[in-house]
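Below, in structure tokens: the form predicted on its own, a single chain.
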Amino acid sequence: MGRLSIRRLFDRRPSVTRRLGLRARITLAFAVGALLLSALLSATTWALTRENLLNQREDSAMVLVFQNARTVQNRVSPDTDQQALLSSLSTPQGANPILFYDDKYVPRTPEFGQDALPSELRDAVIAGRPSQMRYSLRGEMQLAVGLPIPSVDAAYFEIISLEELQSTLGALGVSLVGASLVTTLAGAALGWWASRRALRPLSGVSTAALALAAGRLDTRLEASEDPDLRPITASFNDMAQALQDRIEQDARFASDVSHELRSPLMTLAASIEVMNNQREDLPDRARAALDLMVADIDRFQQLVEDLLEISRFDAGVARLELEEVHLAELVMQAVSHSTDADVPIELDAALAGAVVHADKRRIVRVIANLLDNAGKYGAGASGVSLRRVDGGIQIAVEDAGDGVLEEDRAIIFDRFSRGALAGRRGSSDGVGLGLALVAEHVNLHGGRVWVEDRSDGAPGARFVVELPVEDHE
């Protein structure tokens, strides 16, 4: 039972407020606080004002009722015209007097007779107790006041309308509600402003983190004088420094290892070359072993060169050597030197004589790596295209393999990543550095590279390099 409760506790979905952003929650908290505070103040103000106005109205009404009761006491008799007596009384607007005399109720206004008075009030006054009562009559708030006049065996009543007072209180209530809404909006605006100021340091942390993720390892936060932010700034800078030290250490290690491997590799390559010159004198088994050694040495040399190239990017010493090149000729030469296969090349007519500023060596390496990737994993390149797009030029290499899965397209350009289908797509001699170098060379040019399905719908993958270059025709 306890396990079930714990599981339910952890399986709960986050509340609506937790799905909101931090700034939105701060703003909402300010708005709710302003709403509650203004509602409390408005309700208190309305209640106190209502009580004061009612008390004032009742006090003024009691003064007039006592005066009118004294007049009735002095003038009432069996021969008095009671209706005329009530009409001569000085009453406030909306007041309706009623005289009880000789066991009869005589109203000045027929609509406000005996039945208009609450029975509890009538009984109390007839019993000799002055009374007053607020009640609703025909949907309107009324104040009934009754005074016994024992000297003449009579009683005097007045029904005073409180509708005007209710209208005043209603207008006051509307004003207070409007003030509460304005206060709530002001609180929300204050919360938004305060959240922006409070979260501004976090925006700096976010920007710095993005810069670190983009490879700018020297990014640091400025020292803060705020005692609450100082530990965050110090921790972030320590983390960034540790990350930079670790990456630089790994880069130096890879570079040192690669450099140390070059000398014995050159010796091995020279020795293999000597042996290869004498391959006709070797038996068949020795030739097969020699071929394997030549292939492995070539692969090992390529791996070392790739690691050296990667270490230059990691060390931040990779620089573009820009020169004017005929792009169409460069692409055709790169294709012819990178593969023995007859790969069709499609050139945009607008780029036939285009001269661009680019690093010739790196562009050739990009095309060579893409063609090599197509040969290893895509059953060979089926076409290369060069065309102009808005703001740059696209170089695309298509293959006829199994394609690249959607979930692999974001990571296939990472180092040592070959995708889930790499083992099934032709040879598996690659180590996963070729496409990583493509991405590094393209990024150094300020471009981008991605993989997609073939444009003709056939099976395979299409690797696209987009370079934001300006041509100089």
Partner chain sequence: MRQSGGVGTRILAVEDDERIRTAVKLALEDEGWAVTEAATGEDALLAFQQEPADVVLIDIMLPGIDGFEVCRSIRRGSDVPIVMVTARADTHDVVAGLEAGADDYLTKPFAPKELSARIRALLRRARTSEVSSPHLRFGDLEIVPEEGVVRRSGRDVHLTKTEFRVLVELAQSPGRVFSRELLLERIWGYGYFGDGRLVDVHVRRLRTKVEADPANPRHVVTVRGLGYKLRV
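Each form is matched to the other, and the largest set of C-alpha atoms that superpose within 1.5 Å is called the rigid core. Residue numbers count along the first chain shown, from 1. Keep in mind it's a predicted model, so treat the numbers as computed, not measured.
As for the form predicted in complex with the partner chain, it is not shown, yet the points below apply to it.
**Student:** Kindly indicate whether Ala270, Gln301 and Glu324 are, all three, within 4.5 angstroms of the partner chain in the model of the complex, using heavy atoms.
**Tutor:** Yes, the whole trio is in contact, each within 4.5 Å by some heavy atom.
**Student:** At the 4.5 Å heavy atom threshold, is Arg252 in contact with the partner chain in the model of the complex?
**Tutor:** Because no heavy atom of Arg252 falls inside 4.5 Å of the partner chain in the model of the complex, the answer is no.
**Student:** Considering non-hydrogen atoms and a 4.5 Å limit, does the partner chain approach Glu140 in the model of the complex?
**Tutor:** Contact check for Glu140: no, nothing within 4.5 Å of the partner chain in the model of the complex.
**Student:** Counting only non-hydrogen atoms and a 4.5 angstroms cut-off, does Val274 reach the partner chain in the model of the complex?
**Tutor:** Heavy-atom contact with the partner chain at 4.5 Å: present for Val274.
**Student:** Just checking whether Arg312 would be counted as a contact of the partner chain in the model of the complex - the rule being heavy atoms within 4.5 angstroms.
**Tutor:** Judged by the heavy-atom cut-off of 4.5 Å, Arg312 is in contact with the partner chain in the model of the complex.
**Student:** Please pick, from Ser263, Ser90, Ser77, Ser119, the one residue with any non-hydrogen atom lying within 4.5 angstroms of the partner chain in the model of the complex.
**Tutor:** Residue within 4.5 Å of the partner: Ser263.
**Student:** Under a 4.5 angstroms heavy atom criterion, identify the one residue in Gln114, Gln333, Ser224, Ser235 near the partner chain in the model of the complex.
**Tutor:** Comparing distances to the partner chain in the model of the complex, the residue within 4.5 Å is Gln333.
**Student:** Taking the partner as it appears in the model of the complex, which of 384-392, 274-282, 125-133, 104-112 has residues with heavy atoms within 4.5 Å of the partner chain?
**Tutor:** It is the stretch 274-282.
**Student:** Does Leu99 move its CA by 2 angstroms or more between this form and the one not shown when the core is aligned?
**Tutor:** After core superposition, the C-alpha of Leu99 moves less than 2 Å between this form and the one not shown.
**Student:** Any CA movement of 2 Å or more for Asn277 between this form and the one not shown, core superposed?
**Tutor:** Indeed, Asn277 is displaced by 2 Å or more.
**Student:** After superposing the rigid core, is the C-alpha displacement of Met133 2 Å or more between this form and the one not shown?
**Tutor:** False for Met133: its C-alpha shift is below 2 Å.
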